[in-house]
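Take a look at this single chain, the form predicted alone, given in C-alpha coordinates.
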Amino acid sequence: MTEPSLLRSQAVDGPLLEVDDLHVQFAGRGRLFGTSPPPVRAVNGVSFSIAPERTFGLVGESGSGKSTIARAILQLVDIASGTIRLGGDDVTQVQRKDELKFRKNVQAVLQDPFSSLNQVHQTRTIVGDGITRHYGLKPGANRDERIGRLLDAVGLSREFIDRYPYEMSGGQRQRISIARALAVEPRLIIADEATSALDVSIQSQVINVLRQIQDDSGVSFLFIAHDLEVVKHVSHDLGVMYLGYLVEKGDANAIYDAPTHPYTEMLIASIPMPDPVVQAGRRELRQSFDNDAEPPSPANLPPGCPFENRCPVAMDICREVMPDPTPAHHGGDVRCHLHTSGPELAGESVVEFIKTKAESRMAGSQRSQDKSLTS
(Lines give C-alpha, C1' and ligand atoms only; values in the text may rest on other atoms or scores of the structure.)
Protein backbone atom coordinates (compact mmCIF):
# COMPACT_ATOMS: atom_id res chain seq x y z
CA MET A 1 0.00 0.00 0.00
CA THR A 2 1.29 3.42 -0.97
CA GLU A 3 0.10 6.24 1.24
CA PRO A 4 -0.99 9.32 -0.73
CA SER A 5 0.74 12.63 -0.29
CA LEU A 6 0.31 16.24 -1.35
CA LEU A 7 3.60 16.30 -3.25
CA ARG A 8 3.88 17.78 -6.73
CA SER A 9 2.82 15.67 -9.69
CA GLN A 10 5.42 13.67 -11.57
CA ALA A 11 7.14 15.75 -14.27
CA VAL A 12 5.94 15.29 -17.85
CA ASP A 13 7.98 16.05 -20.96
CA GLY A 14 5.84 18.10 -23.33
CA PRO A 15 2.11 18.80 -22.95
CA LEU A 16 0.16 16.96 -20.26
CA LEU A 17 -3.08 16.93 -22.28
CA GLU A 18 -3.29 17.06 -26.08
CA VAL A 19 -6.62 17.30 -27.89
CA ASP A 20 -6.16 16.96 -31.64
CA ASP A 21 -8.87 17.53 -34.29
CA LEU A 22 -11.66 16.43 -31.95
CA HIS A 23 -15.12 15.88 -33.42
CA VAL A 24 -18.18 14.92 -31.36
CA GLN A 25 -21.60 14.31 -32.87
CA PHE A 26 -24.94 13.30 -31.43
CA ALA A 27 -27.71 11.56 -33.30
CA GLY A 28 -30.60 13.82 -34.20
CA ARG A 29 -33.96 13.16 -32.60
CA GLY A 30 -35.67 10.54 -34.74
CA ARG A 31 -39.04 10.94 -36.36
CA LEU A 32 -41.81 8.37 -36.42
CA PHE A 33 -42.08 8.72 -40.21
CA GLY A 34 -39.63 10.03 -42.78
CA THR A 35 -35.87 10.21 -42.90
CA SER A 36 -33.72 10.59 -39.82
CA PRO A 37 -32.55 14.15 -39.08
CA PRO A 38 -28.86 15.05 -39.54
CA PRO A 39 -26.54 14.59 -36.54
CA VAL A 40 -25.89 17.45 -34.15
CA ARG A 41 -22.28 18.57 -34.65
CA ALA A 42 -21.39 19.53 -31.08
CA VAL A 43 -17.58 19.77 -31.48
CA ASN A 44 -15.87 20.46 -34.80
CA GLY A 45 -12.14 19.90 -35.26
CA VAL A 46 -11.03 21.30 -31.88
CA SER A 47 -7.31 21.16 -31.04
CA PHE A 48 -5.50 22.47 -27.97
CA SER A 49 -2.99 21.37 -25.36
CA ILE A 50 -2.42 21.94 -21.65
CA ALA A 51 1.11 22.05 -20.26
CA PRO A 52 1.97 20.71 -16.79
CA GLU A 53 1.18 23.14 -13.97
CA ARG A 54 -0.85 25.34 -16.34
CA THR A 55 -4.53 26.25 -16.60
CA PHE A 56 -6.31 26.30 -19.96
CA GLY A 57 -9.56 28.28 -19.87
CA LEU A 58 -12.40 27.43 -22.21
CA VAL A 59 -15.05 30.12 -22.64
CA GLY A 60 -18.16 30.59 -24.76
CA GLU A 61 -21.92 30.95 -24.64
CA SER A 62 -24.22 28.11 -23.62
CA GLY A 63 -24.35 25.46 -26.33
CA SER A 64 -20.90 26.26 -27.70
CA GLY A 65 -19.55 22.75 -26.95
CA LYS A 66 -17.41 23.48 -23.88
CA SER A 67 -18.95 20.84 -21.61
CA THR A 68 -19.06 18.32 -24.45
CA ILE A 69 -15.28 18.63 -24.75
CA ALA A 70 -14.99 18.02 -21.00
CA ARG A 71 -17.19 14.93 -21.22
CA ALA A 72 -15.17 13.65 -24.18
CA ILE A 73 -11.91 13.99 -22.21
CA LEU A 74 -13.56 12.23 -19.24
CA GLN A 75 -14.66 9.43 -21.62
CA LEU A 76 -18.33 10.09 -20.84
CA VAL A 77 -19.34 10.55 -24.49
CA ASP A 78 -18.14 8.84 -27.65
CA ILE A 79 -16.11 10.86 -30.14
CA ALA A 80 -16.61 10.79 -33.91
CA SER A 81 -12.91 11.31 -34.68
CA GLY A 82 -9.74 12.85 -33.32
CA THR A 83 -7.38 11.93 -30.51
CA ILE A 84 -7.00 12.79 -26.83
CA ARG A 85 -3.63 12.13 -25.20
CA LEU A 86 -2.75 12.34 -21.53
CA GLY A 87 0.96 12.33 -20.81
CA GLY A 88 1.54 11.08 -24.37
CA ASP A 89 -0.84 8.11 -23.99
CA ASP A 90 -3.91 7.92 -26.23
CA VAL A 91 -6.92 7.77 -23.93
CA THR A 92 -9.56 7.99 -26.65
CA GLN A 93 -10.56 4.41 -25.94
CA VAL A 94 -9.61 3.58 -22.37
CA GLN A 95 -9.48 -0.17 -21.78
CA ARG A 96 -11.45 -1.53 -18.83
CA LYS A 97 -8.26 -2.64 -17.11
CA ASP A 98 -6.92 0.94 -17.29
CA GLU A 99 -10.09 2.76 -16.22
CA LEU A 100 -9.13 3.04 -12.56
CA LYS A 101 -5.74 4.55 -13.44
CA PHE A 102 -7.39 7.00 -15.84
CA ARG A 103 -9.97 8.08 -13.24
CA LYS A 104 -7.16 8.71 -10.79
CA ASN A 105 -5.26 10.90 -13.26
CA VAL A 106 -8.26 12.95 -14.43
CA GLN A 107 -10.79 14.31 -11.94
CA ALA A 108 -13.71 16.71 -12.31
CA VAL A 109 -15.24 19.51 -10.25
CA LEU A 110 -18.76 20.23 -11.49
CA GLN A 111 -21.08 23.24 -11.48
CA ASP A 112 -23.54 22.25 -8.76
CA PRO A 113 -21.83 20.84 -5.67
CA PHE A 114 -25.18 20.22 -3.99
CA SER A 115 -26.20 17.61 -6.59
CA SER A 116 -22.69 16.23 -7.17
CA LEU A 117 -22.15 15.42 -3.47
CA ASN A 118 -24.04 12.60 -1.75
CA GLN A 119 -26.27 14.32 0.78
CA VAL A 120 -26.41 11.34 3.17
CA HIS A 121 -22.61 11.06 3.50
CA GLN A 122 -20.30 13.06 5.70
CA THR A 123 -17.16 14.66 4.32
CA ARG A 124 -15.21 11.78 5.85
CA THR A 125 -16.86 9.41 3.37
CA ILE A 126 -17.16 11.80 0.40
CA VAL A 127 -13.45 12.59 0.37
CA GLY A 128 -12.20 9.34 1.90
CA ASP A 129 -13.77 6.81 -0.47
CA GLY A 130 -11.36 7.74 -3.28
CA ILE A 131 -8.38 7.41 -0.95
CA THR A 132 -9.50 3.92 0.03
CA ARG A 133 -10.24 2.90 -3.56
CA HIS A 134 -6.97 4.07 -5.07
CA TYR A 135 -4.54 3.70 -2.17
CA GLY A 136 -6.09 1.02 0.04
CA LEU A 137 -6.06 3.34 3.06
CA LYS A 138 -8.98 2.07 5.14
CA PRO A 139 -11.21 4.24 7.35
CA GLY A 140 -9.48 5.22 10.53
CA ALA A 141 -7.09 7.72 12.06
CA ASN A 142 -4.59 7.65 9.17
CA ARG A 143 -7.26 8.30 6.54
CA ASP A 144 -8.84 11.02 8.69
CA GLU A 145 -5.45 12.72 8.99
CA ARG A 146 -5.13 12.66 5.21
CA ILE A 147 -8.63 14.14 4.83
CA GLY A 148 -7.75 16.81 7.39
CA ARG A 149 -4.73 17.86 5.34
CA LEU A 150 -6.93 18.10 2.25
CA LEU A 151 -9.39 20.29 4.14
CA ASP A 152 -6.47 22.49 5.15
CA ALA A 153 -5.44 22.72 1.51
CA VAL A 154 -8.87 23.98 0.39
CA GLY A 155 -9.18 26.46 3.25
CA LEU A 156 -11.64 24.62 5.51
CA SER A 157 -11.22 23.71 9.16
CA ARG A 158 -10.88 20.06 10.09
CA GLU A 159 -14.22 20.08 11.88
CA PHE A 160 -15.86 19.85 8.45
CA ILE A 161 -14.89 16.18 8.35
CA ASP A 162 -18.08 15.33 10.29
CA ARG A 163 -20.43 17.59 8.33
CA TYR A 164 -23.00 16.70 5.68
CA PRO A 165 -23.31 18.73 2.44
CA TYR A 166 -26.67 20.20 3.50
CA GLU A 167 -24.95 21.74 6.53
CA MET A 168 -22.61 23.80 4.32
CA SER A 169 -22.82 26.86 2.11
CA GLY A 170 -22.37 26.65 -1.66
CA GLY A 171 -18.76 27.79 -1.45
CA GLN A 172 -17.97 25.28 1.30
CA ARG A 173 -19.54 22.45 -0.71
CA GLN A 174 -17.47 23.41 -3.74
CA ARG A 175 -14.32 23.29 -1.61
CA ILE A 176 -15.31 19.78 -0.53
CA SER A 177 -15.67 18.87 -4.22
CA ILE A 178 -12.16 20.20 -4.84
CA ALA A 179 -10.81 18.24 -1.86
CA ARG A 180 -12.46 15.09 -3.21
CA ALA A 181 -10.80 15.63 -6.60
CA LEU A 182 -7.41 16.27 -4.97
CA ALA A 183 -7.67 13.20 -2.75
CA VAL A 184 -6.37 10.85 -5.45
CA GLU A 185 -3.59 13.22 -6.63
CA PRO A 186 -4.77 13.70 -10.23
CA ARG A 187 -2.58 15.16 -12.94
CA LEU A 188 -5.52 17.06 -14.46
CA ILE A 189 -8.65 18.54 -12.90
CA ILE A 190 -11.52 19.57 -15.17
CA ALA A 191 -13.48 22.40 -13.53
CA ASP A 192 -16.71 22.62 -15.53
CA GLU A 193 -18.56 25.83 -14.55
CA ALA A 194 -17.21 25.24 -11.04
CA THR A 195 -17.81 28.84 -9.93
CA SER A 196 -20.86 29.89 -11.96
CA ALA A 197 -23.38 28.95 -9.26
CA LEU A 198 -21.54 30.95 -6.56
CA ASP A 199 -21.73 34.58 -5.47
CA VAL A 200 -18.99 36.85 -6.83
CA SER A 201 -17.15 37.05 -3.50
CA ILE A 202 -17.26 33.26 -3.10
CA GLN A 203 -16.10 32.83 -6.71
CA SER A 204 -12.99 34.80 -5.86
CA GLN A 205 -12.29 32.62 -2.82
CA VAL A 206 -12.65 29.39 -4.81
CA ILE A 207 -10.41 30.72 -7.59
CA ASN A 208 -7.75 31.62 -5.03
CA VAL A 209 -7.99 28.07 -3.64
CA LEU A 210 -7.44 26.62 -7.13
CA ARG A 211 -4.41 28.84 -7.71
CA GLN A 212 -2.87 27.88 -4.38
CA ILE A 213 -3.48 24.20 -5.04
CA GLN A 214 -1.75 24.49 -8.42
CA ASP A 215 1.23 26.23 -6.81
CA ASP A 216 1.47 23.52 -4.13
CA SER A 217 0.77 20.37 -6.14
CA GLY A 218 1.56 21.22 -9.77
CA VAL A 219 -1.81 19.92 -11.00
CA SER A 220 -3.10 21.21 -14.35
CA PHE A 221 -6.60 22.57 -14.87
CA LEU A 222 -9.09 22.74 -17.71
CA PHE A 223 -11.27 25.59 -16.47
CA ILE A 224 -14.61 25.91 -18.29
CA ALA A 225 -16.97 28.87 -17.85
CA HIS A 226 -19.16 31.28 -19.80
CA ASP A 227 -17.77 34.33 -17.96
CA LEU A 228 -14.66 35.56 -19.77
CA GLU A 229 -13.70 37.83 -16.86
CA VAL A 230 -13.52 34.85 -14.47
CA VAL A 231 -11.71 32.62 -16.96
CA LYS A 232 -9.12 35.30 -17.70
CA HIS A 233 -8.23 35.67 -14.02
CA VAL A 234 -7.67 31.95 -13.45
CA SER A 235 -6.11 30.87 -16.77
CA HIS A 236 -2.68 31.01 -18.35
CA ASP A 237 -4.02 30.12 -21.80
CA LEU A 238 -7.47 30.67 -23.25
CA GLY A 239 -9.70 29.09 -25.87
CA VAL A 240 -12.89 30.73 -27.19
CA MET A 241 -15.67 28.42 -28.41
CA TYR A 242 -18.54 29.24 -30.76
CA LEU A 243 -20.99 26.61 -31.99
CA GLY A 244 -18.52 23.76 -31.68
CA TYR A 245 -15.55 25.61 -33.18
CA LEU A 246 -12.50 26.84 -31.29
CA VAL A 247 -12.37 30.27 -32.96
CA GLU A 248 -9.43 31.70 -30.99
CA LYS A 249 -6.79 30.39 -28.61
CA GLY A 250 -3.60 31.76 -27.09
CA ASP A 251 -2.24 33.62 -24.07
CA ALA A 252 -5.18 34.56 -21.82
CA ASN A 253 -4.06 38.10 -20.94
CA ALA A 254 -3.04 38.92 -24.51
CA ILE A 255 -6.39 37.75 -25.89
CA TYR A 256 -8.27 39.77 -23.29
CA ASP A 257 -6.26 42.91 -24.05
CA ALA A 258 -6.28 42.56 -27.86
CA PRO A 259 -8.68 39.88 -29.20
CA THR A 260 -8.30 38.77 -32.79
CA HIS A 261 -11.80 37.34 -33.38
CA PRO A 262 -14.96 39.50 -33.45
CA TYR A 263 -16.82 37.01 -31.23
CA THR A 264 -14.14 37.31 -28.54
CA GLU A 265 -14.47 41.10 -28.71
CA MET A 266 -18.24 40.76 -28.34
CA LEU A 267 -17.75 38.72 -25.16
CA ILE A 268 -15.29 41.28 -23.77
CA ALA A 269 -17.64 44.16 -24.62
CA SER A 270 -20.35 42.42 -22.60
CA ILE A 271 -18.32 42.54 -19.37
CA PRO A 272 -19.63 45.32 -17.04
CA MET A 273 -17.09 47.98 -16.14
CA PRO A 274 -17.18 50.37 -13.14
CA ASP A 275 -15.86 53.29 -15.20
CA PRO A 276 -18.95 54.90 -16.84
CA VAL A 277 -16.95 56.22 -19.80
CA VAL A 278 -15.47 52.79 -20.55
CA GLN A 279 -18.87 51.18 -20.02
CA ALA A 280 -20.48 53.59 -22.49
CA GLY A 281 -17.84 52.75 -25.09
CA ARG A 282 -18.41 49.05 -24.58
CA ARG A 283 -22.17 49.51 -24.89
CA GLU A 284 -21.75 51.25 -28.25
CA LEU A 285 -19.45 48.46 -29.39
CA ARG A 286 -21.96 45.79 -28.31
CA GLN A 287 -24.67 47.53 -30.28
CA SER A 288 -22.67 47.11 -33.48
CA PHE A 289 -23.19 43.33 -33.23
CA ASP A 290 -26.48 41.78 -34.28
CA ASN A 291 -27.30 40.37 -30.85
CA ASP A 292 -30.87 39.49 -31.89
CA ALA A 293 -29.75 37.22 -34.73
CA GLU A 294 -30.47 33.55 -34.12
CA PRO A 295 -27.31 31.39 -34.19
CA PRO A 296 -27.39 28.52 -36.70
CA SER A 297 -28.47 25.09 -35.55
CA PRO A 298 -25.62 22.66 -34.71
CA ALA A 299 -27.54 20.14 -36.82
CA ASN A 300 -27.48 22.47 -39.84
CA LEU A 301 -24.31 24.53 -39.71
CA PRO A 302 -23.64 26.85 -42.66
CA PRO A 303 -20.69 26.24 -44.99
CA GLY A 304 -19.00 29.42 -43.82
CA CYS A 305 -18.34 30.97 -40.43
CA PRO A 306 -21.25 30.31 -38.03
CA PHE A 307 -20.77 33.76 -36.46
CA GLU A 308 -21.27 35.55 -39.80
CA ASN A 309 -24.92 36.57 -39.20
CA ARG A 310 -24.01 38.32 -35.92
CA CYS A 311 -20.70 39.82 -37.01
CA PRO A 312 -20.58 43.58 -37.80
CA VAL A 313 -17.58 43.19 -40.13
CA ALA A 314 -18.55 40.04 -42.04
CA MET A 315 -17.55 39.73 -45.71
CA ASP A 316 -18.96 37.68 -48.57
CA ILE A 317 -16.35 34.97 -48.10
CA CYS A 318 -17.51 34.53 -44.49
CA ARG A 319 -20.83 33.11 -45.75
CA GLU A 320 -19.13 30.64 -48.05
CA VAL A 321 -16.00 29.19 -46.40
CA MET A 322 -15.12 28.34 -42.81
CA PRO A 323 -11.70 29.97 -42.22
CA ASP A 324 -8.69 27.86 -41.30
CA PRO A 325 -6.61 28.68 -38.20
CA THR A 326 -4.25 31.63 -38.71
CA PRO A 327 -1.28 32.47 -36.41
CA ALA A 328 -2.15 35.33 -34.06
CA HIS A 329 -0.13 37.92 -32.14
CA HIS A 330 -0.85 36.24 -28.78
CA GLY A 331 1.06 33.10 -29.71
CA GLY A 332 -2.01 31.05 -30.59
CA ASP A 333 -4.29 31.12 -33.60
CA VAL A 334 -7.61 32.52 -34.81
CA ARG A 335 -10.23 31.33 -37.32
CA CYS A 336 -11.36 34.52 -39.05
CA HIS A 337 -11.17 35.72 -42.67
CA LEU A 338 -10.33 39.25 -41.52
CA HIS A 339 -6.74 38.11 -41.10
CA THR A 340 -6.32 36.73 -44.62
CA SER A 341 -8.94 38.59 -46.71
CA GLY A 342 -10.33 42.12 -46.82
CA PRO A 343 -8.30 44.14 -44.31
CA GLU A 344 -5.75 41.29 -43.90
CA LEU A 345 -5.08 41.95 -40.22
CA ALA A 346 -2.50 39.13 -40.19
CA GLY A 347 -3.21 37.98 -36.64
CA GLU A 348 -3.41 41.42 -35.03
CA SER A 349 -6.24 42.78 -32.89
CA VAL A 350 -9.67 43.34 -34.44
CA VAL A 351 -10.72 45.96 -31.87
CA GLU A 352 -9.78 49.15 -33.75
CA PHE A 353 -11.10 47.80 -37.04
CA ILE A 354 -14.50 46.99 -35.46
CA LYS A 355 -14.58 50.38 -33.69
CA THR A 356 -13.83 52.21 -36.94
CA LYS A 357 -16.57 50.31 -38.76
CA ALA A 358 -19.02 50.96 -35.91
CA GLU A 359 -18.23 54.70 -35.85
CA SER A 360 -18.58 54.92 -39.63
CA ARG A 361 -21.93 53.13 -39.46
CA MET A 362 -23.18 55.44 -36.69
CA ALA A 363 -22.02 58.53 -38.59
CA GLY A 364 -23.85 57.34 -41.69
CA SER A 365 -26.99 56.70 -39.66
CA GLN A 366 -26.79 60.19 -38.14
CA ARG A 367 -26.40 61.79 -41.56
CA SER A 368 -29.47 59.92 -42.78
CA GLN A 369 -31.48 61.15 -39.79
CA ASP A 370 -30.32 64.74 -40.30
CA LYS A 371 -31.22 64.56 -43.96
CA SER A 372 -34.71 63.25 -43.21
CA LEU A 373 -35.29 66.04 -40.68
CA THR A 374 -34.31 68.80 -43.12
CA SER A 375 -36.20 67.41 -46.07
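Keep in mind it's a predicted model, so treat the numbers as computed, not measured. Start at 1 and count along the sequence shown; that's the residue number.
The next section is about a form of this same protein that is not shown, the form predicted together with a small molecule.
message: Using a 4.5 Å heavy atom cut-off, which residue among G45, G63, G347, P325 comes into contact with the small molecule in the predicted bound form?
response: The option sitting close enough to the partner is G63.
task: With the small molecule left out of view, choose which of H226, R149, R124, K104 has a non-hydrogen atom within 4.5 angstroms of it in the predicted bound form.
output: For this set of options, the contacting one is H226.
message: With a cut-off of 4.5 Å between heavy atoms, is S49 one of the residues that contacts the small molecule in the predicted bound form?
response: No, no contact at 4.5 Å.
field: in the predicted bound form, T55 touching the small molecule (heavy atom, 4.5 Å)
entry: Output for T55 is no: heavy atoms all beyond 4.5 Å of the small molecule.
message: At 4.5 Å between heavy atoms, is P165 in contact with the small molecule in the predicted bound form?
response: Residue-level check for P165: no, no contact with the small molecule.
- prompt: Does the small molecule get within 4.5 angstroms of any non-hydrogen atom of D144 in the predicted bound form?
  reply: Output for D144 is no: heavy atoms all beyond 4.5 Å of the small molecule.
- request: Indicate whether the candidate residues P15, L188 and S220 are all in contact with the small molecule in the predicted bound form, with contact defined as any heavy atom within 4.5 Å.
  value: The answer is no; none of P15, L188 and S220 reaches the small molecule.
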